[in-house]
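Shown next as structure tokens: one chain only, the form predicted alone.
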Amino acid sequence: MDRDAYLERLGATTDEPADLFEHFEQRSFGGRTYHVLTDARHGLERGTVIVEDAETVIRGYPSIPRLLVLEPGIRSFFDDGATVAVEEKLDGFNVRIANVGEPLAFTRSGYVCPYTTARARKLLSLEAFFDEHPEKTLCAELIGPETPYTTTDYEGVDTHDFRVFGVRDRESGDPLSVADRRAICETYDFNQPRLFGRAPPDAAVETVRDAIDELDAAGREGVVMKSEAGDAMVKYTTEAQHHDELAYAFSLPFDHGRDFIFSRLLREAFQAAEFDEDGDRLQERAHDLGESILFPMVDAIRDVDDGETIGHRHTVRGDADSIDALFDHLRNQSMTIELESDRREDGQRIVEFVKVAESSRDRITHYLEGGTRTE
């Protein structure tokens, strides 16, 4: 690989190729080798990919900051005179789909996911899109109750589907504007996140509050606020999402770090301080928060005590080859997979499986057997 040439193409903030490329990792998929930046370095996003045989660079997706307080957060984040587009933030699996001689779905960390690639090729009009826009990348969420990564119910999604939330230049990472992206997605029948409205920063506070109230009641995740140009983004999540994520973490209490848990508690506290004026409402929120912490942890302890497997349960469907490739991919990432059901229906293979939470299982077993904990 000509590191000097790629350093210039990437526009990194270092002049020394060795400073950057020591952080790249070589990976392979389908007999092809590619190189991935495993952490954000020198002005480049984590998951930036170089596919050398296609002479292609695919920029990583930028990290989106989070607001803890809407007022004055929105006014501080966006420039005066800006137009803020408020879109739903979906609870799914984030991928970048790029054409490198064939369409591939890259995860945020830069892996090619064989399952998501196969589903994208089947469900999206990729050939038509990339014929017209070969230098673009589709940024999308794989959502629904049947995916190998997240299991969230969405109205009208029986198994899984994609929502395209961004279209970017493959090499520079520059986004299309919100209006242009929504128009181009309509052209190719790509489903998109719901748009709640556009407003200047002052008025956007109310737009977001109304959207959060509606999404919270439906148990949905939250919103992403974007400048109309698409180059400035910030996110905000619902109470329901905070509680769901805490319940998820405490159902496998030794598999998620303190930072994961504390960040959700922090979001909840700031939202409660900003939103709740009534003592009874705050008491209700505290009660729900406690249940999201204690109940799943007790259930996990009892499940292990009963000899049951604990972990992340998923259902996937597709052709046999893509399912086999998925499990190879998961096992290559050192995951322990336990199959619970494997059947065929309407010509598709449907597999129910568990990503075994070995750390939580083993630590709970240790304490149940009389082990001590140093604190």
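Start at 1 and count along the sequence shown; that's the residue number. Since this is a predicted model, take the numbers as computed values, not measurements.
Omitted from view is the form predicted together with a small molecule, to which the following refers.
Asks: With a 4.5 Å heavy atom cut-off, would you call A40 a contact of the small molecule in the predicted complex?
Replies: It does not: once the small molecule is placed as it appears in the predicted complex, A40 has no heavy atom within 4.5 Å of it.
Asks: Check whether E141 has any heavy atom within 4.5 Å of a heavy atom of the small molecule in the predicted complex, and answer yes or no.
Replies: It does: once the small molecule is placed as it appears in the predicted complex, E141 has a heavy atom within 4.5 Å of it.
Asks: According to a 4.5 angstroms non-hydrogen atom cut-off, is K226 in contact with the small molecule in the predicted complex?
Replies: Heavy-atom contact with the small molecule at 4.5 Å: present for K226.
Asks: Heavy atom to heavy atom, is F165 within 4.5 Å of the small molecule in the predicted complex?
Replies: Yes, contact at 4.5 Å.
Asks: Out of the stretches listed (208 to 216, 292 to 300, 88 to 96, 124 to 132), which one is close to the small molecule in the predicted complex, meaning heavy atoms within 4.5 Å?
Replies: Residues of 88 to 96 come within 4.5 Å of the partner.
Asks: Could you check which residue among R343, R313, R331, R66 gets a heavy atom within 4.5 Å of the small molecule in the predicted complex?
Replies: None of the others qualify; the residue that does is R66.
Asks: Pick from G173, P193, P253, P201: which residue has any heavy atom within 4.5 angstroms of the small molecule in the predicted complex?
Replies: Of G173, P193, P253, P201, the residue with a heavy atom within 4.5 Å of the small molecule in the predicted complex is P193.
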